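As a starting point, one isolated chain is supplied in structure tokens, in the form predicted on its own.
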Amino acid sequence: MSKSSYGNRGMFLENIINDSNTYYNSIDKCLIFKKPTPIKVLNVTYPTDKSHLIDKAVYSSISTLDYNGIYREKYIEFDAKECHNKTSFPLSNIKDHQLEHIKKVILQKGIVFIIIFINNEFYLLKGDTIIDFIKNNDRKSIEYEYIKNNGYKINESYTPRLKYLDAVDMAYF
């Protein structure tokens, strides 16, 4: 994988998850979608009578997690995080409002987790595992070994590209 710009960070993982969701949704295994980023349009130009171009916009509110839906009659919500550090996942990659949202989903008995791409491997780390780690550690990052030992490895395949629902089954069912 080539190095990407800051603006495209996470697009590799996001594209794989989107492809996987397209497959999973098409066979009615789940109903999961990427949430749109909330924006407020500030300026629109009209290059032709039949087209318009948004040339200035800002985020209108903070977003929670990237994906949500229904799986096996349960609410599911998760985020995707790529990590280029080989030894640990920086907790700064998870924003405070995201942690608060994870806690709220746990409180409502939903399925909530983060998919982490680290060392060319994919892991599901449950929301309560993340919250417990933060509560019981002063570290600013989660060590790779902790992720390997406490997360659920996600396998790749042809269809779907990322078999993350297999990891959800191991973690939650």
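Residue numbers run from 1 along the displayed sequence. Model, not experiment: these values are computed from the prediction.
Another form, the form predicted in complex with another copy of the chain, is not on view; read the next lines as being about it.
- Another copy of the chain in the predicted complex comes within 4.5 Å of no heavy atom belonging to Leu125.
- Mapping the unseen interface onto this chain, Thr129 falls outside it, with no heavy atom inside 4.5 Å of another copy of the chain in the predicted complex.
- Of the heavy atoms in Lys56, some are within 4.5 Å of another copy of the chain in the predicted complex.
- Among residues of the shown chain, Gln108 is one whose heavy atoms approach another copy of the chain to within 4.5 Å in the predicted complex.
- For the marked spot (Asp28, Ile39 and Tyr75), a heavy atom within 4.5 Å of another copy of the chain in the predicted complex is present in each of the three residues.
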